[in-house]
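A single chain, nothing else alongside it, follows as structure tokens in the form predicted alone.
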């Protein structure tokens, strides 16, 4: 009986009862240099006009004393200008340690991320990586939210990012 009221209330308010999710695979390539530093990486959602919509994850050096790892977050320039400089880091559910070379998979469920606040429309998932003594790279993967069917997008960086794959599920 309680379940029936919940569904009726959800339908009456126009709130989607969705289990939608984003599955993201990000490859951090191994770069043959004498002194390798793992990249600082930010992942966020932009609207169709490239304005900022939501942060998903930020990987940076969390282990430095006195939060000194935040000093180089501004090297992730596009993310820094759109959102990073307004954040207090580390941020719960957003901050994570830098990642070693290899493929990393992230899953963002609509119910446990800022995705549940996105109005219906066209978006891009943006991944930006910057490395000390290295370069900087940005890839964009378009998607529609909320998804009506399974969507996929792929991109490939040239230096700081390898293959980046997005799958959006209803």
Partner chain sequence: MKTLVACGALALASVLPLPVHAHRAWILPSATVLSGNEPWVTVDAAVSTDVFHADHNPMRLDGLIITAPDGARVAAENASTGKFRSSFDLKLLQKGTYKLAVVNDTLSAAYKLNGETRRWRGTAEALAKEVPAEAQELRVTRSQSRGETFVTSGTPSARVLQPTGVALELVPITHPNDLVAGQAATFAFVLDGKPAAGLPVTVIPGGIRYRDRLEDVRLTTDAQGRFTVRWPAAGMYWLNANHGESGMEAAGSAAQPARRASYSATLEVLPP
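The shown structure was predicted, so the numbers you read here are calculated from the model rather than taken from an experiment. Numbering follows the first chain given and starts at 1.
What comes next is about the form predicted in complex with its partner chain, which is not displayed.
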Proximity to its partner chain in the predicted complex (heavy atom, within 4.5 Å), stretch among 62 to 70, 119 to 127, 102 to 110, 31 to 39: 62 to 70
Contact test in the predicted complex: residue 78 vs its partner chain, heavy atoms, 4.5 Å: yes
Contact of residue 47 with its partner chain in the predicted complex (heavy atom, 4.5 Å): no
Those residues of 81 to 95 which, in the predicted complex, come within 4.5 Å of its partner chain by heavy atom: 81, 85, 86
